[in-house]
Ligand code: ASP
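Below you'll find only one chain, the form predicted on its own, shown as structure tokens.
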């Protein structure tokens, strides 16, 4: 057994270990740990503690994948429900579909008994109000242009340079049966365009698992990992016989070849079926936690700078 969870998931690591040591199913373990992170208001990129979109509305993305069957479920732009991964799992369990978005995802959440609840914290509201300043009335016009408000490196005007893609929580697990699973949950890009969906709910971009080969995930600039199907590519590299380090380095160099669009940091996490792991970043520093059965402590480690080849 093992788990790898990125730094945003620090509040969930204890529960994740408890679940696995109690021989819980891999999907149950991921969901239980993620729910703790989604409820943690100090985590500013996931669930209740996250930041809203340009209009001050919280929208959540999440997905989960079983590496034994490759069954999966995902939700995007889900409102009123910080526990997005729970809804994503129920999409997998109850529907013939894989992905629900927007109003349909919200409706399904109510249908399965997930109550609507306030999702915007006082802290997030205050930061949004400070950000919009005197322009709130202008933003609330139905025909207001929103694109100029995006703080990215694309050729549009800056409103808040620090409003850029940030982290999410990604969890990679192998349980007592020897099978893997992966999951991700996020509130997305701070002050994003309404309806923006990143890589977290997109299977193969934000995370992927195949029990035969291993599991992988990505955080930060989801627009880039969507373009390269990055997590799936890492796992397929391990299928081809690459070590986690080789697999991550290969995909990282593909990311560095991208031009145009929004270019930023990507952190890539990989664990093969034997539990060998490697994590690298193309830019910003990042950390993660790793534990495997028989190890007394949960290791807190730093992502390594991506090597060029």
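Predicted, not measured: the structure shown is a model, and the values here were computed from it. Numbering follows the first chain given and starts at 1.
The form predicted in complex with the ligand is left out here; the points below concern that form.
J.: I need the one stretch from 114-122, 80-88, 187-195, 96-104 whose residues put non-hydrogen atoms within 4.5 angstroms of the ligand in the predicted complex.
T.: Answer to the contact question: 187-195.
J.: So, residue 182 and the ligand: in the predicted complex, are they within 4.5 Å at any heavy atom pair?
T.: Taking the distances in the predicted complex, the answer for residue 182 is no, it never comes within 4.5 Å of the ligand.
J.: Is there a heavy atom of residue 171 lying 4.5 Å or less from a heavy atom of the ligand in the predicted complex?
T.: Flag for residue 171 set to no.
J.: Closest heavy atom of residue 214 to the ligand in the predicted complex, within 4.5 Å or not?
T.: Answer no; every heavy atom of residue 214 is more than 4.5 Å from the ligand in the predicted complex.
J.: May I ask you to check whether residue 222 falls inside a 4.5 Å heavy atom distance of the ligand in the predicted complex?
T.: Residue 222: contacts the ligand in the predicted complex.
J.: What residues in 284-309 sit within 4.5 Å of the ligand in the predicted complex, counting heavy atoms only?
T.: None of them.
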